[in-house]
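Next comes just one chain, in structure tokens: the form predicted alone.
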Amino acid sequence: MILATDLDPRAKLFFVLVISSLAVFLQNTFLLLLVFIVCLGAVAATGGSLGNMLKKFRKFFGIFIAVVLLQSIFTQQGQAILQLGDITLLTDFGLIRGMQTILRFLIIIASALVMTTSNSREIIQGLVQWKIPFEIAFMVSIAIRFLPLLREEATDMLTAIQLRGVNLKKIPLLKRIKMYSYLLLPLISSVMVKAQELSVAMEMRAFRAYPQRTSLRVLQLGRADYLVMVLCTLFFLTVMVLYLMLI
């Protein structure tokens, strides 16, 4: 089995690029399901935790149901499955479209988990060796780091509110939304302060002081990496041929 430590981050980036492209382009439920199964296999093969991934999927379950309903309400095609008076809540066509949208979400989330098995420094180095400017690669890495930071700040604010005796579950929906809007400004302000501190730290370390950068570690593609990229290319071509045959 190919472990995460055996693969070059460029091979993983190539896999994510292929899988994400298929998720966006395909309009066939069976092929999207096939891509999702392959993606799950890749997560397991690269050392990712399927259990943690399933826990993340459970958090989006309500959103997935809403997507299916919205697809049925705004896509007036197919046979009605569920109606409320004159309003069609669920159709077979909308159900299929909703399932396709859910599979796209799952594929993109699962493919992103493959990249979490590499550290950010390796990802930056892989992008740089793909001739992408270091500044852009560094910004991508910083953006990825700020997502959990933003979630942590929001969690701390909600915890502070609950410690003051506020039960969020008992607050009416409109008041809860209004309360969240009040938290948005301090949340953004806190993140901006951290971004400013990061900028000062980068300047203190002479970021971009020289026109060119050198790297202590240079990534080398191995046989396993070339094999993964060849298999990804063959899989992409096979799925596209099947898709064109099914149209």
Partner chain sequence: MIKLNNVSFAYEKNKMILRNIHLAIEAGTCTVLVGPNGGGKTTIGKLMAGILKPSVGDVMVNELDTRTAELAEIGKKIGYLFQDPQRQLFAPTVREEIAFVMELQGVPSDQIDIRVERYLDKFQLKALENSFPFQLSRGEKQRLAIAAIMVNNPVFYILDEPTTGLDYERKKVLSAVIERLREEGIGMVIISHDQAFVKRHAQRVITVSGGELLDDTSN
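Residue numbers count along the first chain shown, from 1. Note that the structure is a prediction, hence the values are computed from the model and not measured. Definition used throughout: the rigid core is the maximal C-alpha set that superposes within 1.5 Å between two forms.
From this point on, the text means the form predicted in complex with its partner chain, which you will not see here.
Its partner chain is not shown here, and in the predicted bound form it never comes within 4.5 Å of any heavy atom of N119. For the chain shown alone, S189 is a contact residue for its partner chain in the predicted bound form, at least one non-hydrogen atom being within 4.5 angstroms. Among heavy atoms of E135, none comes within 4.5 Å of its partner chain in the predicted bound form. Interface residue remark: R205 is not counted as part of the site for its partner chain in the predicted bound form, having no heavy atom within 4.5 Å. L185 is the sole member of V218, L185, I65, A209 with a non-hydrogen atom lying within 4.5 angstroms of its partner chain in the predicted bound form. Here is the short version: of L54, A44, V200, V193, the single residue with a heavy atom within 4.5 Å of its partner chain in the predicted bound form is V193. Contact annotation: its partner chain lies within 4.5 Å of heavy atoms from the stretch 149-157 in the predicted bound form, the single such stretch among 91-99, 149-157, 105-113, 122-130. Along 94-110, a non-hydrogen atom within 4.5 Å of its partner chain in the predicted bound form is carried by no residue at all.
The Cα shift for R121 between the shown form and the other one, taken after rigid core superposition, is smaller than 2 angstroms.
Taking 2 Å as the criterion, P172 counts as shifted between the shown form and the other one: its C-alpha moves by at least this amount when the rigid core is aligned.
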